[in-house]
Structures are given as C-alpha cells and as structure tokens.
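Shown next as structure tokens: one chain only, the form predicted alone.
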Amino acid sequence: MSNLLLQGVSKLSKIANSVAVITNTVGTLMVLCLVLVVDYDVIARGAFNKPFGGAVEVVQFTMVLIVFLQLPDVVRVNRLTRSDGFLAIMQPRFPNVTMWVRRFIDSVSAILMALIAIAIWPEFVEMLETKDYFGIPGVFTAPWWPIKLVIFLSASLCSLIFIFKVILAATNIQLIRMDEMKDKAISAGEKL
C-alpha cells in the first residue's frame, strides 16, 4: 500500500476514533440522565405519590441508546467481549501469525457490523416514514426512528473502525492509565 494512501487511511482512522470517543461521552451523559430520571421517579413516587409515568419507557429507550453510543469506543480500545487468551500465548512466539489472526477476526467483525447496519437501515426508513412510536398514549410516547438511526450509525462506525484496524494492523492499542499520566508528569517536571 502506498505511503500516501496509508497516511490518508490513518487520518480517517483518527477521525473515526475521535467520533467514537464523542459518542462514548454522549452515552455516558445518557447514563447520568437515566440516573436522574430513576431518582426523580423514586422520590416522586415515595414522597409525593406521583410517579413519573414514562419511567419504564425512558429506561428502555435510553438503555439501547447507551449501549450503541458506547459500542464504537469499546471497539476502538479493544474492550469488546472476546477471548484473546490464545492470541496472547501465540504473540511472543509467532507475532506475524498472531497479527494475521487478529486481522481475520477484525475482518469478520467488520462484516458482521456492516450486516447489522444494512439490516437496520430499512427499519429506520420505515419508522421514519410511518412515525411509529412506543409507549403508552397519553402517558409517554417516543418515536422509534432515533433508536434505529443510532443503531445504524453505531454499527457503521464500528465496521469502519474494524476495517481501519485491519488495514493499519493496529493490534496493540495502548491505553494511558491515570497512574501512568502522573508518572509522566513527574518525570516531565524533573526535566524542567
């Protein structure tokens, strides 16, 4: 692969990774909103005997959103539930074989995520056109299409991230832990 093309793919990968971090942040904010809704429902139910009528529907709605908003970042940092034990044992002895096995796994994962995106797109279009909703009329209702759109966008982004991992062979993304940042800050301060 030419160096120029590889640089372009690398830049696109950085953009996709940045979007994944942003969606993770939005998902985390949704968790906080969900906590507020549940707290409000509990307090209103217990203290004033006036529960929030749409609490169950809001919880169902936001749980799906949270999962799919945070999924791309989980893929980005290699925290998707899977067993890497075999690859960890192979890595020291057969690094090239391990790299190709990882590429194969990431390729299959990219295809599966693309299939999810392809499968959900017609549902999104249908829900957008028919204006279907869930909930109890008069109590709480919300449209289905935002959930379908988030699932489509999330699966598409996950597929892209997997494709970039295959192309760039990003097998060992290193995360920075807080204690490492403190050590780096101390050592940087000593150099000054």
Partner chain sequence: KAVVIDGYPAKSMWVDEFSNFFIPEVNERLAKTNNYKIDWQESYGGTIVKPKGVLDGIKLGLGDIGIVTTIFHNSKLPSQSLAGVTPFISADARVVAKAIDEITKEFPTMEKEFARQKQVYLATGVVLDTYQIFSKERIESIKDLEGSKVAGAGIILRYLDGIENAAGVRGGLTDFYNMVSTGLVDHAMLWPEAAETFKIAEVAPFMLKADFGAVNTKTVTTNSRFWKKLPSEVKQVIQEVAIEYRDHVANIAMNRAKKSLDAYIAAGGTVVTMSQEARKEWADSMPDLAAEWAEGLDKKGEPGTEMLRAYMAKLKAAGFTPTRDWTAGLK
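Just so you know, these numbers come straight off a predicted model, no measurement behind them. Residue numbers count along the first chain shown, from 1.
There is another form of this protein, the form predicted together with the partner chain, and it is not shown here; the text below is about that form.
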Whether Leu128 contacts the partner chain in the model of the complex should be assessed with a 4.5 Å heavy atom distance threshold; does it? no
I'd like to know whether Pro146 contacts the partner chain in the model of the complex, with contact meaning heavy atoms within 4.5 angstroms. no
Can you tell me which residues in 122-141 come within 4.5 angstroms of the partner chain in the model of the complex, by heavy atoms? Glu123, Glu126, Met127, Asp132, Tyr133, Gly135, Ile136, Pro137, Gly138, Val139
